[in-house]
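The chain below stands alone, shown as structure tokens; this is the form predicted alone.
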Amino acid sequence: MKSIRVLVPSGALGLNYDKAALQKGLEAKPHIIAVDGGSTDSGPAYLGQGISKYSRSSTKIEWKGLMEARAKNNIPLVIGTAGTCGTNSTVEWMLEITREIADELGQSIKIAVLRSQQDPEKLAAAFAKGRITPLANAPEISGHVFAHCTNIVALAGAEQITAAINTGADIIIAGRTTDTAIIAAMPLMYGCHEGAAWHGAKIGECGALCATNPQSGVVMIEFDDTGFNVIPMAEKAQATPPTVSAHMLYENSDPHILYEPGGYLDVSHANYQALDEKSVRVTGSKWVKTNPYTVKLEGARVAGYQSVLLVLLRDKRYVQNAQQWANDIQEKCSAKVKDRLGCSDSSFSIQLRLIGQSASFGALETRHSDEIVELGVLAIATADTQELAEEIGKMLNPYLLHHPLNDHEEQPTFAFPFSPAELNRGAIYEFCLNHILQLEDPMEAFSLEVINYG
């Protein structure tokens, strides 16, 4: 059986890739180019709004390079989770970019479009029938949650990507997929070792992150009937058994088990062997099929509206007593909001985060230092409407500008770096689904369209 080579240009389209390394990878005659378009890494807003986190211009430049490479080598090009979140809107965004590039390059291409967005009414019906069940630590939901989501996607697996490849498309633009599906699909199609197909896909999902020069991006994963090889393409990048094996810990709670649509990968008995100074061979991975076939659901909904303000403290006494100062403002302004606007505790919240001391974790911060010259105070007003959030922000404004530590001292003045000080963020989003959907047919929750363009 011949080996199947999958060239991965980078961890995500929009992050850039090493052009020389890409060319070296192309010279090794890959059978497919596979690149991820995004994930949930940057929070729920992208799914909630159905937009990409990456710049359109960067995406287009990098995608153009891959489309040129695909045409010269006459191999398929696939992107999964198009436009960061894989909603219908971001799939269309990616399709539009692809058409623009095809026109510029004079290419006539066959495009397979795999859509992953879900109909809330159909999901509510599936939930009523017991076909939607929670994953660990999933929020408790009712049948009404689906209608409140601004966008819901299902994560496609290898079966759905295989269906797209089987159309004979030059380019596959997929909605939300698992990070591994776009890499594992072709090796599975050609009968490569199942455990190796999924394990190699997991190792290669983030490009050269599994190597010693992770910023180089480009990696080749070579699959066969007993295992797979990891070969970074950049001149100074090296894959080693530690760098390769460690990637099972990346975005995965269990270093030995990885759940995917239709089963799970078990690498408990995997063997990592250096082939040379640059590449690693892996054998012993196991794929375990499960029944029924399930796919993960991701949904986001509006969680409120926000206005934020930033003020800078440099006075030594205020820097040293910043938390006391922030707590006093939070208490006094919250009381004013309830008194003057008639708001209940559940309709708004005020947070003051100390940038340089506790901006990341707020009250959960455990590391403190007295050697601080300056602190930024980030005030976050969250409410049921943007109008209310902005009104609370305006109530916070004079506190942040002039509030003293006690009633007996001169009124201080602090610095706003922006004017106006209140910055309206608009709607904020939260993930509200971490569930799986049972399918009788892997394509049941997905649609596939073939477009001949040019």
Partner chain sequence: MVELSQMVQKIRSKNAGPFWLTIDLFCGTQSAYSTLVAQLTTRQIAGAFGVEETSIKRFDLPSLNVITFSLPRPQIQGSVVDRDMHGASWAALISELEIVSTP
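Numbering follows the first chain given and starts at 1. Just so it is clear, the model here is predicted, and its values are computed rather than measured.
Just so it is clear, the following notes concern the form predicted in complex with the partner chain, a form of the same protein that is not shown.
Engineer: Looking at 251-259, 180-188, 83-91, 339-347, which stretch has residues with any non-hydrogen atom within 4.5 Å of the partner chain in the predicted bound form?
Structural biologist: Single hit among the candidates: 251-259.
Engineer: Is it the case in the predicted bound form that Arg5, Gln23 and Thr150 each bring at least one heavy atom within 4.5 Å of the partner chain?
Structural biologist: Zero of three within 4.5 Å in the predicted bound form.
Engineer: Although the partner isn't part of this model, could you tell me whether Tyr399 comes within 4.5 Å of the partner chain in the predicted bound form, counting any heavy atom of the residue?
Structural biologist: Result no; Tyr399 lies far from the partner chain in the predicted bound form.
Engineer: Find out whether any non-hydrogen atom of Asn321 is located within 4.5 angstroms of the partner chain in the predicted bound form, and reply yes or no.
Structural biologist: Close contact is absent here: in the predicted bound form, Asn321 is far from the partner chain, nothing within 4.5 Å, heavy atoms only.
Engineer: In the predicted bound form, does Tyr429 come within 4.5 Å of the partner chain, counting heavy atoms only?
Structural biologist: Although the partner chain is absent here, Tyr429 would touch it in the predicted bound form, with heavy atoms inside 4.5 Å.
Engineer: Can you tell me whether Asn229 touches the partner chain? I mean in the predicted bound form, with a 4.5 angstroms heavy atom cut-off.
Structural biologist: No, Asn229 stays farther than 4.5 Å from the partner chain in the predicted bound form.
Engineer: If you check Thr40, Thr385, Asn424, Ser58 against the partner chain in the predicted bound form, which one has a heavy atom within 4.5 Å?
Structural biologist: Contact with the partner chain in the predicted bound form is made by Thr40 alone.
Engineer: Consider the chain as shown here, without its partner, and state which of Leu437, Leu433, Ala12, Ala445 has a heavy atom within 4.5 Å of the partner chain in the predicted bound form.
Structural biologist: Contact check passes for Leu433.
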